[in-house]
Ligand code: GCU
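Taking the form predicted on its own, here's one chain by itself in structure tokens.
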Amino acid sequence: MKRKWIIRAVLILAAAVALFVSARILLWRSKKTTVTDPEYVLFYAENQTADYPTTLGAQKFADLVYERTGGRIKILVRYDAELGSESEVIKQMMYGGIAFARVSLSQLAEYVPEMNVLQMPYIYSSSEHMWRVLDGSIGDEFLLKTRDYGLVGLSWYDAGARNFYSTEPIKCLEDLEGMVIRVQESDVMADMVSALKATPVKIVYSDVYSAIERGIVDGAENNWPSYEAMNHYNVAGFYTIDEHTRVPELQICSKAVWDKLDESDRRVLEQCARESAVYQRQLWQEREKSSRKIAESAGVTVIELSKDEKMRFRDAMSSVYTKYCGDRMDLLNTIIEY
């Protein structure tokens, strides 16, 4: 009797092992049908830190693409400017050296000059105003315009409003006069600062901290998250909210890479890019609040300009509008009134 129970137990155990192995084989086969070895492994350039909203948005985009192509397209996000400055990345993308990137409109406008109208100083009254423009027909038209320059615009990312920060307080237009202010590698931003009677100096983003610390510049201009993420509040303790520009950012693809993909993959990329933009904008709002709180906790003095003082800053921009939008003033006025 005991022997029969032993035999029966062995048979039950064997059946259980067989069932487990069969289940594992079926699971393995199922995975093999949904996730394959990548057909494309493509790089995505990002110059911000790993936890920055645009970097997280880029990773969301990469994850969505991987999932929806069954693993055929794998996108590797490289942050902290590992693949070069934004300007260097754009140049490489025009020849297919890098597949994807998130870049500032200010940087892209250096290569796609038509974009300048979207970043003129003081043209957006609020964040909602800007998104009405960019999420509508005007924004779609500009995404398509990038294709004339070897790039493909995929979606718009948020970068908030840019403000001045400095080692001495800026409470009115006269306080800027004679200051040396760091600007992006952007002619528009340089001309804006010049119009305010300060001296612009173009310095790459990663060198701003040391430039302020060493006294090469008296300040810079950027949004709250950038100011906080790079610890600029440690060397420039006055943050003046003038909201001179709301410069959106774009997810772009190299047209050389784009042209190698079939139509179904392109549709996936566009859809994933737009979904990641929604995700990134939510993160941005949260990060903007937390960054301001961190900076204020560190002792930063926040200066909010009055409505009348902001209008004085805007009135100083007439020469900038004429230079960059002379033949597109109708569009500029349409955007202002949109």
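Heads up: residue numbers just count along the shown sequence, starting at 1. All of these numbers come straight from a predicted model, not from anything done at the bench.
Same protein, other form: the form predicted in complex with the named molecule, not shown, and the subject of what follows.
Note on the interface: of 147 to 155, 99 to 107, 120 to 128, 261 to 269, the segment with non-hydrogen atoms within 4.5 angstroms of the named molecule in the predicted complex is 99 to 107. The closest non-hydrogen atom of residue 205 lies within 4.5 Å of the named molecule in the predicted complex. The named molecule is not drawn, but in the predicted complex it has no heavy atom within 4.5 Å of residue 254. Within 4.5 Å of some heavy atom of the named molecule in the predicted complex lies at least one heavy atom of residue 222. Of the heavy atoms in residue 228, none are within 4.5 Å of the named molecule in the predicted complex. When the named molecule is considered in the predicted complex, only one residue from 116, 166, 245, 184 comes within 4.5 Å through any heavy atom, namely 184. In this stretch, 139 to 170, the one residue having a heavy atom within 4.5 Å of the named molecule in the predicted complex is 162; the partner itself is omitted from this view.
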